[in-house]
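Have a look below at one chain only, the form predicted on its own, in structure tokens format.
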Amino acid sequence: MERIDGAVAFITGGASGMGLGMARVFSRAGMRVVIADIRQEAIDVALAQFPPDNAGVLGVQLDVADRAAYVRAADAAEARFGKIHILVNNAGVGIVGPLLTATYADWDWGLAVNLGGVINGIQTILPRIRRHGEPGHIVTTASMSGIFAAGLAGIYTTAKYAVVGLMESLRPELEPLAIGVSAFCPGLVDTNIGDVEKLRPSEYRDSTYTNVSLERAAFMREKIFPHGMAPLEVGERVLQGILRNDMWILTHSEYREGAEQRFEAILASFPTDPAPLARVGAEAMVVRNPMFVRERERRMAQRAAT
């Protein structure tokens, strides 16, 4: 999207943290924004941060795991603004704990929101973007946990790896339709993502994570998250990523070494014996993806120009 003035952005998890940072930055850039969040009280607080006469901001309550509710929220957005151009799949729960003690409830909740919520967003909003035929964009908030695994966050990492692969798969399909696709993979940001247990629905309460999560959330809130990137800076970086149509929107340079170590370990694990030509020919569709080469060349050219 080269022009964003007047465009409509639908942002899930938009009432706090990175979602609110994006909403505020997008609004200042001339967009109309839909702040979708599961917490009505958080929506009310978020809306108070915009000028009271700003008709370009709409708050809608939404549990992204509820497909029927997603349709109602999208209908409300279109009833107010007519169209949706940008979908930001940002809602997520920072579920943390060892896989060895995870319950089905932990898996079901973590994947319902962090992966299922993204799928629901794409299935609900993408047809509406395609219907009006104007340029659009889909951003999904993954994490550096979608680039390499670290820490006791196996459920979270599983979902984030999945959504990065989902965005990489969706991008070439939507490119001919003038709809951009980005996987947003931030590092440490000053948010409340660690305060997840208060949002856990009753049907997912059979968990060994609860007490650990509450203790960890207090520690992260007091000692760790205040050192993270400010949500408004995150919003600015995401906006620039949309304007450049970046495949991966990466915001924290200090994670490069971790990514290099993972990628180098994968390359070092490939066998070195030559593959039979017949097999290579049969695999032609999947041996390599030209999208990655194009994205690397484009980003290197941008870097050289600046």
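Source: prediction; values computed, not measured. Numbering starts at 1 and follows the sequence shown.
Not pictured, yet referred to below: the form predicted in complex with a small molecule.
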Query raised in the report: Heavy atoms within 4.5 Å of the small molecule in the predicted complex: which stretch among 153 to 161, 120 to 128, 96 to 104, 169 to 177?
Result: 153 to 161
Report task. Could you tell me if all three of I86, I138 and M300 have a heavy atom no more than 4.5 Å from the small molecule in the predicted complex? Result -> no
Query raised in the report: Should V113 be counted as a contact of the small molecule in the predicted complex, where contact means heavy atoms within 4.5 Å?
Result: yes
**Report entry** Proximity of R39 to the small molecule in the predicted complex, heavy atoms at 4.5 Å
**Finding:** yes
Query raised in the report: Are any of the heavy atoms in A76 no more than 4.5 Å from a heavy atom of the small molecule in the predicted complex?
Result: no
Requested in this report: Answer yes if any heavy atom of A183 is within 4.5 Å of a heavy atom of the small molecule in the predicted complex; otherwise answer no.
Outcome: no
